[in-house]
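Shown here is one chain on its own, the form predicted alone, set out as structure tokens.
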Amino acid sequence: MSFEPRFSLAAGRLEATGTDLCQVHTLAMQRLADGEDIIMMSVGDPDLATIERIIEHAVTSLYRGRTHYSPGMGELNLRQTIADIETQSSGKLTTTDEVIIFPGATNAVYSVLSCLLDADDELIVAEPTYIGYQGIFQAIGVQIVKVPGKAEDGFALDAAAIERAVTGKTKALLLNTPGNPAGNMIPGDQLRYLANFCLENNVWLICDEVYSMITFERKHISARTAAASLENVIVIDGLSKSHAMTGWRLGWTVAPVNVVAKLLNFTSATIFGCSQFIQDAAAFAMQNDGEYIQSITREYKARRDYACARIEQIDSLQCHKPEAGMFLMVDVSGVAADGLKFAQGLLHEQGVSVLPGEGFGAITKNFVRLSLTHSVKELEEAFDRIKKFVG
């Protein structure tokens, strides 16, 4: 008699994830670990260091004994800091009862969707869609309705198409602004319209705003700022990108109190709170980050401008200049069958790793995503290699 392993439906759905789309990145990481000269442009992990004062604050908190269980909703000081920032930026009073802390924005997205959606519910997402959402969607088993953006306009949101996609089974609309991978920003009037439309149709509006602090020509407008009513609006944010704190795993949601109550039940059953010393450092970071945010925004803008200028000089490649974030979507249809073939060839021949666009949706099959997590000097070498490959 032998044991026959049986697994959940969720485990099976996760196993069915399109691994080919991450194959290029995985192979590049292996070659890099083997000592090869590989330029990694396939992952959104900032090369910039966490501010030294934030690290010192975390270490001080450790020595102060801040190593115990934290309240399920998060430390009051951090929640108050976030509430104050939200109140100031949105012009709408935000209380600590509307803020709950998570170990990263990804966990916040998973927790929110888990509390709002069942397997038979429909979730509308704008395409291109952040590739990291796919595992969450599959784990929950929710029915995804994809609404393509306007490719000719930098993948701008098509609000009218989203409105047409709503049915009686639609439970929520998930937006990402500024967007990953395209760096597009949703205007305030569209957010206000969609928030009101969703409210009238009994649909949640969930807005992932983790790139809100890295914008270039114009400022980010939050869904909480734009919406006339906040009954159905949930905003997700975090420090991974804005403060170069990816490994610290710190995110949060700002949501109606009745939503926070459900989230507290869920997080109490799954993660049982976040690290005290990391929350202390996060609050300190947000209270002392003005100059730093300005400096990294200037740095990413310089990288974006350099990269776009180089692409303009390479025949058969095209890109739309992103308004925010740390990525660039490049149309490779003039030189390759699709983004996957381009990415595979570029890594094989020139040792540059980029992410195939198909992982973000069918609309970006002929694109690749380039990460701007390198200095201009390093980008120069990367684009020299890309030019050789295309040539």
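Note that residue numbering follows the sequence shown and begins at 1. Fair warning: this is a prediction, and the values are worked out from it, not measured in the lab.
Omitted here: the form predicted in complex with a small molecule. The next part is about that form.
Between the options T94, S222, N180, T253, the residue in contact with the small molecule in the predicted bound form by a heavy atom within 4.5 angstroms is N180.
Between the small molecule and the residues N232, T267, S275, S240, the one pair within 4.5 Å by heavy atoms in the predicted bound form involves S240. Contact with the small molecule in the predicted bound form, defined as any heavy atom within 4.5 Å, is confined among 258-266, 155-163, 195-203, 98-106 to 98-106.
Across the proposed site, Q344, F383 and F389 without exception lack any heavy atom within 4.5 Å of the small molecule in the predicted bound form.
Shown alone here, R303 lies farther than 4.5 Å from the small molecule in the predicted bound form, counting heavy atoms only. The small molecule is not drawn, but in the predicted bound form it has a heavy atom within 4.5 Å of V210. Put simply, N184 is far from the small molecule in the predicted bound form: not one heavy atom of it is within 4.5 Å.
Contact check for N176: a non-hydrogen atom falls within 4.5 Å of the small molecule in the predicted bound form.
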